[in-house]
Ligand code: TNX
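Below, in structure tokens: the form predicted alone, a single chain.
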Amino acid sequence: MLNSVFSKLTIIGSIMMCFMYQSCTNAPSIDISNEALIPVPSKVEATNSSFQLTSSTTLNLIGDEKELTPLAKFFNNRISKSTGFELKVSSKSGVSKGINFVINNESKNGPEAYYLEISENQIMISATAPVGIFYGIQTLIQLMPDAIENGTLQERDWFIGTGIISDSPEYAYRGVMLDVARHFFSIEDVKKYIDYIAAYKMNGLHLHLSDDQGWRIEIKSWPELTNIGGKTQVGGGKGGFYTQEQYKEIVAYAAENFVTVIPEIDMPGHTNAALASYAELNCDNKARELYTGIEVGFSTLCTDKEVTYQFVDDVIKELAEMTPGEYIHIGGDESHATAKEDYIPFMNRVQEIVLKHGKKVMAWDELSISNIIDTNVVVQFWDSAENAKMGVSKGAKVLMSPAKKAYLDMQYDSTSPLGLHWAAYIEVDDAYNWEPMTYVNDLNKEDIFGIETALWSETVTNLDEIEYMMFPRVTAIGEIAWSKAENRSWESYSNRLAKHGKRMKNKGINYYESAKIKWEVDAVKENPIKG
């Protein structure tokens, strides 16, 4: 009898303890298959319980401590403002209670693949390389409550749904271009841009560093490029440029986020800033006036002069020395002022210069009319499908950046306060509903180097405007680049994006609230462009 009473009292006591300490003993049911993950993972298995993150949760590093410590720091930095937690980090020999970052050699899906397993007592992110752990962390953050994106302390419990996610990318290169030539953007803005793209597992930052309106990178052997060519921009603003030290800072910050910088020096057209800086680069030896408009196709380097090739050699040399990535982009687009018989030998010779300095060549799809002199050449398809196919026929790979789908500077519709529409109006569904493998006829997947979206800056002047043109379309391109075609659908993506809007709002992102999406946030009534 006493044992029976004691048992009943024990059960009642346990129930009371559960109510008093629910977060410790009664994990709420969370279905991770319903979470708004972007890009959608390869495989998600929900087990419908939860792990609670608390201030006493430990971060366990299993593998090379030197490789894993920066990832622990990254995770702590991402969660600390909202949670108030600074998780203790320790090295372990095996998986333990808490959060575990594990480097192993078991995966056959490449260094960017990751395996994420969450139970009530522990979380494990495993990968063969730190970049895989990094992408697993990005997914884990998206599995946390939306409030994690707030920049101030949130007094609440932090539960994460349990289950297993295994994931790997569809395309090895997933890039975003930023035009800093038409309008110049600060180092801080570029770093924010890197943060945004890394959150969606994009790994390439193509910096458009020179154009008719401005030269944005210091070249010590040709100082007037920035002294003269860097001092204005579209509309006549003050312009600006990055010193070599500042450029290296951007490159290093990108590398911390597993993003590779690909610098672009456009030539032989789009070169008025250089032509204004040095008279000898013009065939008539007369320096051009600085240009602040947005027309294209009127400028060209003098391709008959040997000084032009010395100029190109010096620029590529200095750029290569401070760029650890494999590729340098040499432009080549819209060279309407360059005769074809001059364009072809010029681009052939510039390719040789890039190779001489230990880098690989990337260029816009017009490069295909010249010779492709190396099997590692990448032609960036933006306009001409025929050029893309010609490039492949000559041994190049194709970077898919169709202007009608992937250009972030295009207006959403005719009422958009920013952007142009020479290629198309690109609503969110337009940005999502295209397939890289079939967009250009007769291309095979092995012909495709990767996917890149582009933000040209004729009408974009500050970070708020960058955000408005980027979001949410960059999430659409990011999913196309990362996720397998069979896992992608507009219905799924639009539903996830509707929920994901809360995260963007909590981050303070000035995103476009498309009528195509049934947002689960309060609609913005006023003009979304901040003053």
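So that there is no doubt, residue numbering starts at 1 and follows the sequence shown. It should be emphasised that the depicted structure is a prediction, and the values quoted were computed from it without experimental measurement.
What follows is about the form predicted in complex with the named molecule, which we do not show.
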| query | finding |
| --- | --- |
| Heavy atom contact within 4.5 Å of the named molecule in the predicted complex, the stretch among 406 to 414, 338 to 346, 310 to 318, 80 to 88 | 406 to 414 |
| Listed residue (Glu280, Asp447, Glu256, Glu334) with a non-hydrogen atom within 4.5 angstroms of the named molecule in the predicted complex | Glu334 |
| Contact residue in the predicted complex, from Tyr327, Phe241, Phe134, Trp382 (heavy atom within 4.5 Å of the named molecule) | Trp382 |
| Three-residue site Met470, His500 and Tyr511 fully in contact with the named molecule in the predicted complex at 4.5 Å by heavy atom | no |
| In the predicted complex, Arg174 touching the named molecule (heavy atom, 4.5 Å) | no |
| 4.5 angstroms heavy atom contact with the named molecule in the predicted complex for Arg216 | no |
| Touches the named molecule in the predicted complex: His183 (any heavy atom, 4.5 Å) | no |
| Contact label in the predicted complex: Val296 to the named molecule, heavy atom within 4.5 Å | yes |
| Residues within stretch 432 to 458 having a non-hydrogen atom within 4.5 Å of the named molecule in the predicted complex | Trp456, Glu458 |
